[in-house]
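As structure tokens, one chain now follows by itself in the form predicted alone.
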């Protein structure tokens, strides 16, 4: 599609960038200043997805008054924003009506209905941002993401269908990208082959933007957030953290996967496939250079950053039947695959397997592993199962770490009294990982950052 536009940029604005009228107007000015931005992907306004999740839980419990109060607060907030953006009074009427009807239909837990409910956050945000663009004299229209992003029917954490998404974009975006207008669409949401609304899981708007950038062969993908790029550590934990101006896809993917909150872990996969250059920049300091992510860099330091990923669950499966037996691991991973759970770290002994699961693995519902009774029962038929929560994954990110002597010794020396629950080293050249109690995570990360960066 890039044959008719020399440089095509997809810009994604996160929840804080959509969080207020002032923030939206700052984002609109960024779009106005860059004529190559033709498609904008937006998150829900900050806090809205969590509020909609509360609506869902209250509806399941049958708390009608609570549902009405929560919906009333959401409506009031978004109507006030619409008023200050000079939007037509009817801009959100249809969405509010559909939202109210959807909430009334929820009586029992249903991942499908939850996805439908959560989609309204992005749908409201897209309409508001279109108004913000028009207020800044930009011709803009919205495009329903459900007509663009095709997924399977695994509600809560749907898998994108790449070729179908490409076909949808060719049919519903190609002609419109030729016009002198900016198109605004929703992140996080898509639709299955039956037209049912799906979500990509929490934080999935970055991923949506990358998938759409790939589908329309965009030159650049800009991720606009509230920090000025990818840092060597979360500055709230380590005040000495520094911005990384340039980084390779491999390093950035490791950082995203191991907890750097600037990017959704899956964001870089479509960009790597398509060769799209990714920029991470600050909506509130747009002239800061931010971080540029390339396929490869000539200068790749031994140590790049430290990442922390909280909300980790350790599952230990133990059985004497493992001893000198074959096929045991295959059975465990078959159960996890059936529940569409991905494993991060694995260690084994003669009679047990320990593996970590990210807290977001169960998708948009926000549930934990313990609440998945079917998973626990299935694993229990294989062996004894122990689940530990309130853990955090600490990752030292760099290059050629497995080929450099003494790194593990230095890391353990600086961790001091921090109790390490699990270690993973050797599977990747780019990371050395430790699983620790969450209450010790910040201390561990600070020690590693000061020792290596």
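Owing to the predicted nature of the structure, the values given are computational and were not obtained by experimental measurement. Numbering follows the first chain given and starts at 1.
Another form exists, predicted together with a small molecule; not displayed. Remarks below refer to it.
Proximity of residue 190 to the small molecule in the model of the complex: non-hydrogen atoms within 4.5 Å are absent; the residue sits far from the partner. Interface membership of residue 397, defined by any non-hydrogen atom within 4.5 Å of the small molecule in the model of the complex, is ruled out. For residue 122, a non-hydrogen atom is located within 4.5 Å of the small molecule in the model of the complex, even though that partner is not displayed. Heavy atoms of residue 198 never reach within 4.5 Å of the small molecule in the model of the complex, leaving it off the interface. You can rule out all but one of 40-48, 399-407, 413-421, 59-67: in the model of the complex, only 40-48 has residues with a heavy atom within 4.5 Å of the small molecule. Among the residues 202, 78, 146, 130, the one placing a heavy atom within 4.5 Å of the small molecule in the model of the complex is 202.
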